[in-house]
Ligand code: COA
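Listed next as structure tokens is one chain, alone, in the form predicted alone.
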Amino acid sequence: MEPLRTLLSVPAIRQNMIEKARSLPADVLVLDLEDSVPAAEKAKARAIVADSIAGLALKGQKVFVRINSILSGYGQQDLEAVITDGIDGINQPKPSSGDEVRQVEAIIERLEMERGIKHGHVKLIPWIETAKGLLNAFDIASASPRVVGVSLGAEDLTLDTGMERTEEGNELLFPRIMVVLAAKAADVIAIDTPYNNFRDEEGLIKEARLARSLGFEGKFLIHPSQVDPVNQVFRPTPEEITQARGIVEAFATAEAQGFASTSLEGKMIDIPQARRAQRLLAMAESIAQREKDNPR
């Protein structure tokens, strides 16, 4: 799977914002039909999304659509409108179990077949946004081979649980760890919640670094100004790449000599460290290739 470092949410009802997003270096553009669109505007927003997807795809953008909950009465209408050529995936809000993910999967499969879209092309990223969803996070993350990631939705989760939503975010440490564990157990990407104070770049970077340290591989964003800083946080630094190459080379030499561990600069290296370094190098290569293929 290609890197999903930055997933920029764009209100589906705002054509001007969608046009501006074409030139942004976000890994994924997420056209939002849910919270940013009033009920009376849902049909208009669906039409805008359907008209916009192909043009965004031609620009090399990965395009996901955040539909309404399948239980809201709008979710199926959203899917019927947006499963079309150029769409890469669906963000599914508030599933409480894997069964709800499979309901969406079944609709997507039917629409792919009816519309001549390659089977399995449209991916899924469910949001963990409720107490039930958090407790069933692994069931959700592993519900379908279409699921490529799961994301934490802090605003709805704290509302549902009665947690106080704070600037420091201490209340989110346990939910963050739960989402990361579920994602890793299901072999999908963990994506962190948006940072709502889009004028506070320092706070954004601090939170993104915390998310990366906990095992998240990307973050949802709500403003174009957040794209570059978060891309950089989730991009391996030159120093990290140099260190990882040294670890991989040292471990390969040790293996060739019949050893399962070695040392480098006074630190022990064994299989977990070597695999972590290999993973980092693969991520760096994938990011570099994406930027080469889709220059901005």
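Residue numbers run from 1 along the displayed sequence. Everything quoted here is computed from the prediction, not taken from an experiment.
What comes next is about the form predicted together with this ligand, which does not appear here.
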Close approach of residue 262 to this ligand in the predicted bound form, 4.5 Å, heavy atom: no
Close approach of residue 169 to this ligand in the predicted bound form, 4.5 Å, heavy atom: no
Any non-hydrogen atom of residue 25 within 4.5 angstroms of this ligand in the predicted bound form: no
Non-hydrogen atom contact residue 36 with this ligand in the predicted bound form at 4.5 angstroms: yes
Region of this chain that lies against this ligand in the predicted bound form, out of 142-150, 107-115, 198-206, 73-81 [heavy atom, 4.5 Å]: 198-206
The unique member of 134, 154, 186, 222 whose heavy atoms fall within 4.5 Å of this ligand in the predicted bound form: 222
Any residue of 124-145 that, in the predicted bound form, places a heavy atom within 4.5 Å of this ligand: 127
